[in-house]
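Just the one chain here, laid out as structure tokens, in the form predicted on its own.
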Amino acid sequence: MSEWLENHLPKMVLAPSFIAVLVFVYGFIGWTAWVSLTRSKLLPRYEIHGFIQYDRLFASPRWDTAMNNLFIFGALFIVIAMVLGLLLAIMLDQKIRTEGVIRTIYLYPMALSMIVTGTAWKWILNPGLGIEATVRGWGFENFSFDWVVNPDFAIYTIVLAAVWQSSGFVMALFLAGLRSVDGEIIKAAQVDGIPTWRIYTAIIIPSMAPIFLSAFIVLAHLAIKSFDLVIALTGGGPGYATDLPATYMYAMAFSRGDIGQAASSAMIMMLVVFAIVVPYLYSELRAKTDG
């Protein structure tokens, strides 16, 4: 009996979690894929009608706006967060005295939820309460900073808030990478008279390619599934100027009562995530196999 328990107890312990994941993750992914091929509206239907929902999706101007916004937001968010995180990591790698304090300050936003971040930046950027009102109160009456209510610039407020939230996390990743570089290589380069900036650009940063890839994957995933930050900061507006695929899916499912459109947009989002994650996983598995 004890031998039977020893062999089967781990399976019994893991079985509930395995079943829950199988049903509530993969089961609902399958259900969503099925519904995306039907004419479902307010209530789901299960008769397959091909790719009609995808035709409607790609013909929707709002979906085009959401995808364009995702490209703008994702590109700016990833590039700025990685550059800023790298610069902060290099600064902290100089063994400055206040490293602990600075690291804590920049990591603190990661402890906040996206809802809190979005709400805080909504106040900061509000023309009647935040930066514009403060600067005008200093006597600059013509100063204007109304991005959050300007359809042409509102998407950039999402970038600002997201970078503020995530750059500290990227800094921590890069700082760990910098601290893992062999110190003997750096000392040898310094003995040869190579300037510090050249050591970083030619030796240290190229050796951190796997960390750059990991940071890119994490940030891209955050960009694609961004929802709560947009809802808290702009609500997708003005109009739907800051719509992203995640907010589009939510609007179709819960505001418009169009489950078919919500399901098709969800499947497109999943395919985008797969297009980013699968090559990364393949490269990791291949590297382990070759090693």
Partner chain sequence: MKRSAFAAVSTIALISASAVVAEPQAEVLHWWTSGGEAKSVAVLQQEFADNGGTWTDMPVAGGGGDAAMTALRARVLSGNAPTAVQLKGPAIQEWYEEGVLADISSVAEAEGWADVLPASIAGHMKCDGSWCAAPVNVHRVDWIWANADVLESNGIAMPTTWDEFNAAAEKLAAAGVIPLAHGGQAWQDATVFEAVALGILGAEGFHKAFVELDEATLTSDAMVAVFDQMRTMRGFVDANFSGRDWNLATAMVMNGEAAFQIMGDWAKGEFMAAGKVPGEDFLCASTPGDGFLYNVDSFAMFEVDGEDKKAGQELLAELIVGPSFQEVFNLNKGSIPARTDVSLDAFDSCALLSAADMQASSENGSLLPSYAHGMALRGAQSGAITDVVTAHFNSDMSSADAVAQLAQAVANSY
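Only the largest set of C-alpha atoms that superpose within 1.5 Å between the two forms is called the rigid core. Residue numbers count along the first chain shown, from 1. Please read all numbers here as calculations on a predicted model, not as lab measurements.
As for the form predicted in complex with the partner chain, it is not shown, yet the points below apply to it.
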>> Give me the residue from 131, 178, 78, 149 that has a heavy atom within 4.5 Å of the partner chain in the predicted bound form.
In response: 149
> With a 4.5 Å heavy atom cut-off, would you call residue 60 a contact of the partner chain in the predicted bound form?
Replying inline: yes
> Is residue 126 close to the partner chain in the predicted bound form, meaning a heavy atom pair under 4.5 Å apart or at it?
Replying inline: yes
>> Contact with the partner chain in the predicted bound form for residue 256, defined as at least one heavy atom pair within 4.5 Å: yes or no?
In response: yes
>> Residue-level question: is residue 49 within 4.5 Å of the partner chain in the predicted bound form, judged on heavy atoms?
In response: no
>> Quick check for you: of 222-230, 248-256, 66-74, 22-30, which stretch puts a non-hydrogen atom within 4.5 Å of the partner chain in the predicted bound form?
In response: 248-256
>> Going through 73-110, which residues have a heavy atom within 4.5 Å of the partner chain in the predicted bound form? Please give them in sequence order.
In response: none
>> residue 227: after superposing the rigid core, is there a C-alpha shift of 2 Å or more between this form and the one not shown?
In response: no
>> Given a core-based superposition, decide whether the C-alpha of residue 28 shifts by 2 Å or more between this form and the one not shown.
In response: yes
